[in-house]
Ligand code: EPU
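We begin with a single chain expressed as structure tokens, specifically the form predicted alone.
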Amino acid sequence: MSMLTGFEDVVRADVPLSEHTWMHLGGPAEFLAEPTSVEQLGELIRRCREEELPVRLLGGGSNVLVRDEGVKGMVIMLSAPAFESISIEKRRVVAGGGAKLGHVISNVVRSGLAGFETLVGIPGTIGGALHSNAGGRGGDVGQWTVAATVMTHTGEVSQRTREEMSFGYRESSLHELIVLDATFELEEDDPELLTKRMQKQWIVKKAAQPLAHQSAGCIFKNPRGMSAGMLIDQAGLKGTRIGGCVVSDRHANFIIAEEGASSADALALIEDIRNQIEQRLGVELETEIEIW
């Protein structure tokens, strides 16, 4: 049986992942799937297991650097409407794993619910946000999460309660293959005040970070009690370049991929920054971005 048999409408072979990541770098996926329902997703996962095909989930692509040689196996994107739903009832919000975090933020702010407005400007999907517990100085996704529906590596669907989940700095216990949806409990507040607060947060973030073309999210996690960006800046590494990749002059924890850049350039620059920070400042930086 061919890997694609029965999935011809939703699976493509040899798809460039540079089209689906913020840095626009990297080689192709052996297979890329965009299933249209939870049932079809489960069937696909089980087929991959039978064929011993590795499976990865790609969210918004803002926190992923794909190597130039690409990715073996199946890459799945939850881009269908079945995975992007957002429902709000009183203080409870249920969002699909494929829903854009920005869309959820806009919806809850309009509904007069507080908690997510400080997350404005963070890219990606709800599933990706939970997996890495996305957040900033104003808080993180995990503190508002009360439940999640997940799919395991065997294609089984199960529920996770708040007591069964834990969230830390840029990490969570949600290591199952896929977050299908998540439930959040927020606080009531005035929509107009929330909108102003969100706009102010957006202006501050836009001024401080290179949110534009060919830049991923933060490259390194902040060491305890320190800022990775400040450390890189203190080491005089802003503007450091390898090939077509350069450390942002606006925020040193971002790397800009210019035209003609390669993933090899980005990886070499990441390693160079890490080595120089350890040698000069005695601090070991850990990558926040996922490297495939």
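Quick caveat: nothing in here was measured; it's all calculated off a predicted structure. Residue numbers run from 1 along the displayed sequence.
The same protein also has a form predicted together with the named molecule, omitted here; what follows describes it.
- The partner is absent here, but in the predicted bound form a heavy atom of A252, alone among A252, I256, A261, A29, sits within 4.5 Å of the named molecule.
- The listed set F220, F184, F116, F83 contains one residue whose heavy atoms approach the named molecule in the predicted bound form to within 4.5 Å, identified as F220.
- G136 belongs to the set of residues with a heavy atom inside 4.5 Å of the named molecule in the predicted bound form.
- Of the heavy atoms in G229, some are within 4.5 Å of the named molecule in the predicted bound form.
- Heavy atoms of K238 reach within 4.5 Å of the named molecule in the predicted bound form, making it an interface residue.
- The named molecule is not shown here, but in the predicted bound form it comes within 4.5 Å of a heavy atom of K205.
- The stretch from 165 to 173, 144 to 152, 96 to 104, 187 to 195 that comes within 4.5 Å of the named molecule in the predicted bound form, counting heavy atoms only, is 165 to 173.
- Shown here without its partner, the chain carries T5, D14 and E51, none of which come within 4.5 Å of the named molecule in the predicted bound form through any heavy atom.
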